[in-house]
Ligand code: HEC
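One chain follows as structure tokens, the form predicted alone.
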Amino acid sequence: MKKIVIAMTMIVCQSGIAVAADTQDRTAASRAVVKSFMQELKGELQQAMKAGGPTNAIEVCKTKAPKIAADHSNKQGWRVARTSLKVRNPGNAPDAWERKVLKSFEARKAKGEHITKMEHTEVVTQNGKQTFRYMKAIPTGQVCVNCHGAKIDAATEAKLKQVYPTDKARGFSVGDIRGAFTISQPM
């Protein structure tokens, strides 16, 4: 009997180690995808800003950002996206889990944690299947307030109203949490 208990304990311990290693691997892979997504999007936005200012950048967010997310999703076999508590595109609205994590990011920020370090991982059950979820906070930078700040120039304002009539992604200041990259990996 004692041998069975020892064997079962060893199996449980090895299983826990395997799960921890899998979670670390999935977190590292998620970080890499977010970094690539962020760099790609940033490059597109910088080009658009140089070519025509904030009104050009709006088109990048509308057409190129979803394509970048879809490309990463298809390549990985995951769901890769962006979300926020204040969305511009209703299609990017957070699900209940994402909303909970975004609110926890706000609470962590209020306690002094730096936004660039904020991420969250969790294994959840979705539709009866285990899913690895990952989120990485997006800080509001100086360039972001051109389209997401409290004061937006008239041309940008007009373009936003035309492209995003239900826009809620306003009133941000540099250093706010603009939203988050979000990943769902089937297990």
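Quick caveat, the model's predicted, so the values are computed rather than measured. Numbers follow the displayed sequence, beginning with 1.
There is also a form predicted in complex with ligand HEC; it is not shown, and the following applies to it.
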Handout entry: Triple contact flag Val33, His120 and Met135 to ligand HEC in the predicted complex, non-hydrogen atom at 4.5 angstroms
Key = no
_Taking ligand HEC as it sits in the predicted complex, is Ser73 near enough to touch it, meaning that at least one heavy atom pair lies within 4.5 angstroms?_
no
- Task: May I ask you to state whether Arg108 is within 4.5 Å of ligand HEC in the predicted complex, using heavy atom distances?
- Result: no
Check your understanding: Do Gly43 and ligand HEC come within 4.5 Å of each other in the predicted complex, heavy atoms counted?
Key -> no
Can you work out whether Val143 and ligand HEC are in contact in the predicted complex, taking contact to mean some heavy atom pair no more than 4.5 Å apart?
yes
Contacts from 56-71 to ligand HEC in the predicted complex (any heavy atom within 4.5 Å), listed N to C, are Ala57, Ile58, Cys61, Lys62, Pro66
